[in-house]
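Next up: a single chain in structure tokens, the form predicted alone.
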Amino acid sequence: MDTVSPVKSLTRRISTTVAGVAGAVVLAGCAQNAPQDTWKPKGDNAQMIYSLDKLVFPIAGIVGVLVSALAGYIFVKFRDKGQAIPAQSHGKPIVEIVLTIVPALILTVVGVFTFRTIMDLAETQDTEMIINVTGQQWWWEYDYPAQADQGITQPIITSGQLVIPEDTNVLLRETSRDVIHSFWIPALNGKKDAVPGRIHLLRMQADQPGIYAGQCTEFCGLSHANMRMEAIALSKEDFAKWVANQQKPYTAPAEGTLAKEGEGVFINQCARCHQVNGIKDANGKAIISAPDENVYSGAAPNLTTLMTRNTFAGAMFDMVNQKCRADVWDAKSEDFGAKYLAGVTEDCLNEKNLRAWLRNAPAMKPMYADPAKLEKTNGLYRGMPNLGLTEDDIDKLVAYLLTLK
């Protein structure tokens, strides 16, 4: 009876394992719904990267397959069985010249096209508006300085969702308040690091209205995987409406309503860190938050128009329920603006998510917000702490937050 040698048996097991791993890797790259797919560019900048990939990826793939095949052949053919050392290529000029020139030519071709693409992506002279982007653990802040040609007469500060006009070259000026982060919305451009003390520039442009998902791509601590972002592209007309809404004066809830009581809870519990532009205390004095006294980074998301964006907590959680979220995500370009600008209505609000966050934020997102861990952050919170709110307080806060739109 034939028997399989231990060497052949081991070889088969290794080959089967390698094939299984390779198959799993290939299948892991397949998805019907992949909002962060780099192979589906939705703007001029992402298209440049895609065009470069179409050149480089096949070259790299062919070289990778050839090298892997040759290496595998050598490992199997010349494995040590006690035989003499095979003939060596060292000292054969033709072999050494070919193995030098061919890779050099390949790298030259790749390098020329890559350098040209990098230079084109670095162009900023054609940008039409500016947005300051600040990363911190673990969310993104967007600051729109006054720009008359965009209808922005006073600064707008928001977070989570970057709103831009379609078919417009936008200049993002990126930095960080704490550690290095990296801003990446693959459908619109490549990634760019946000570094403390530095300003890095990134041009952003979207061909048509829609939501474009992104992710921080530089490990930045506990909730790095939960530090997400979305770019919202609107038509120029809808963007003008968004700007006007962001700049409208604050309207306090009517007296005697649950929302009015919620405003009081917000002032007592939330205004220490979160800013709502125009909110005033009982004496009519404007309330300016002082997060530097409570938050390690000295900043917390501005909530002035919280309900105009449909995510929160660093775009980690949906502010709207599944049906309303799908209505916006799947809307046609011509309908998208109206649906997004409608904001979060009471029938669309994802109360489960919002209430759970208000009840115990650290339980939903890993943060240095536990009093037992404050020695790691000089006694200040990093992330939203558990405020110990009662269910009655949460009812009032939810009613109040719904008015911020």
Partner chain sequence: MITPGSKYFLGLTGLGLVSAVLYCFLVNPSDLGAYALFGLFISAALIAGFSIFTSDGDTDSVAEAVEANTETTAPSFWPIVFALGGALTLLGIATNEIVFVLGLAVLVGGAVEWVIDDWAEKASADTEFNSFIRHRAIGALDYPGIAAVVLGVVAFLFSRIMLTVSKDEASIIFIIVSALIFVTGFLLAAKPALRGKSTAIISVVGALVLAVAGVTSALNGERKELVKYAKEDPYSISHRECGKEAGEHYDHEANGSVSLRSGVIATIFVEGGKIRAQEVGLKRDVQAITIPRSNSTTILFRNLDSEEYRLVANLGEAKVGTTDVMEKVGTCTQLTGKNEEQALTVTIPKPSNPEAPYTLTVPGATGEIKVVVP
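Numbering follows the first chain given and starts at 1. Just so we're clear, the structure is a prediction, and the values are computed from it rather than from any experiment.
Heads up, the form predicted in complex with the partner chain isn't pictured, but that's what we're talking about next.
When the partner chain is considered in the predicted complex, Asp292 lines it closely, a heavy atom lying within 4.5 Å. The partner chain in the predicted complex comes within 4.5 Å of a heavy atom belonging to Thr134. Using a 4.5 angstroms threshold between heavy atoms, Gly298 counts as touching the partner chain in the predicted complex. The partner chain in the predicted complex comes within 4.5 Å of no heavy atom belonging to Ala244. Against the partner chain in the predicted complex, the set Gly343, Arg355 and Lys396 makes no contact: no member has a heavy atom within 4.5 Å. This chain is displayed without the partner chain, yet in the predicted complex the stretch 199-207 from 233-241, 251-259, 199-207, 331-339 comes within 4.5 Å of it by heavy atoms. Note on the partner interface in the predicted complex: the residue among Leu171, Cys270, Ile152, Cys324 having a heavy atom within 4.5 angstroms of the partner chain is Leu171. Contact with the partner chain in the predicted complex, defined as a heavy atom within 4.5 Å, holds for exactly one of Ile157, Met307, Val265, Ile279, namely Ile157. Interface residues of 214-238, taken as those with a heavy atom within 4.5 Å of the partner chain in the predicted complex (partner not displayed), are absent.
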